[in-house]
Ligand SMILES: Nc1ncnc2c1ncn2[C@@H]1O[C@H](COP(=O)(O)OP(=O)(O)OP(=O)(O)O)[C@@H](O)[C@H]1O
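Single chain ahead, by itself, as structure tokens, in the form predicted on its own.
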């Protein structure tokens, strides 16, 4: 069953910033993104920095308000306000109180725990600060007992409640961030680059913690990463983004051997330990150009990847491809998907 679904999400920001910035020229940070996350599923959202992964995730929890599109959530055993006939709620229509309840069911874990954890607060206060305002707040005494139990679940000790975040290593601080999210017993965990700032050995520990936590709690996870190889190891399905658009989506077990979009193949070829000859440059018969940092504005037409793609032709540069299904559960946004096989 589907737990959360986004349809045609779009968000644009003013291209210039500052007090004297001109208004009216926009960059499309997210451009018509659709995805769904099932119950007890790990969905990976992958792409280079600046492709819109984090913006998409923040639209799902309304840290940013979408310009258009829909987000629907199917709560498990919780009332979040007016529900449709299919049991879902319209996240974009939630009022203030219902939004607080929704955010207790969908928790966000940030990339850098050093910035997301207040260094002046004790671990106990860090864990309870958000819990205190949730609909399920049981009182401080019971909440402290739950906090102690959740710390032990993530591999720390109940005695750590009185310590402060700067006293911990980066991996331990990330465990505290995960504990803070799990304390409210969410249905969905959004993990935004949670291992990218950690050493390789610590990355494995955090990934194994998330795998075990997901198994134990029957938890759904949106896993945002730029490392496609890590995402294939952790996730059930993967969506690949580039310049605000979904380029390809497929089961993780199939994507590494059946990637159709030139950009997906390029990401695999660029991953450490992968054979470059398996990548986009050989499969497409040409070299991939350097990354283009030109923002995707309202005036941009055609495929977002056309400037870098060795297969691109005039049609690619003038006509935006549809996000079409090539095989069961495998969708791709590319005019040349058949030629890339």
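Numbering follows the first chain given and starts at 1. For clarity, every value in this text was computed on a predicted model and none was experimentally measured.
The same protein has a further form, the form predicted together with the named molecule, not shown here; the description that follows concerns it.
Of the residues given (27, 307, 70, 35), 27 alone sits with a heavy atom within 4.5 Å of the named molecule in the predicted bound form.
Proximity of residue 50 to the named molecule in the predicted bound form falls within the 4.5 Å heavy atom cutoff. Contact check for residue 323: no non-hydrogen atom falls within 4.5 Å of the named molecule in the predicted bound form. In the predicted bound form, no heavy atom of residue 116 sits within 4.5 Å of the named molecule. In the predicted bound form, the named molecule lies farther than 4.5 Å from every heavy atom of residue 172. Residues of 53 to 77 that come within 4.5 Å of the named molecule in the predicted bound form, judged by any heavy atom, are 53, 54, 55, 64 in sequence order.
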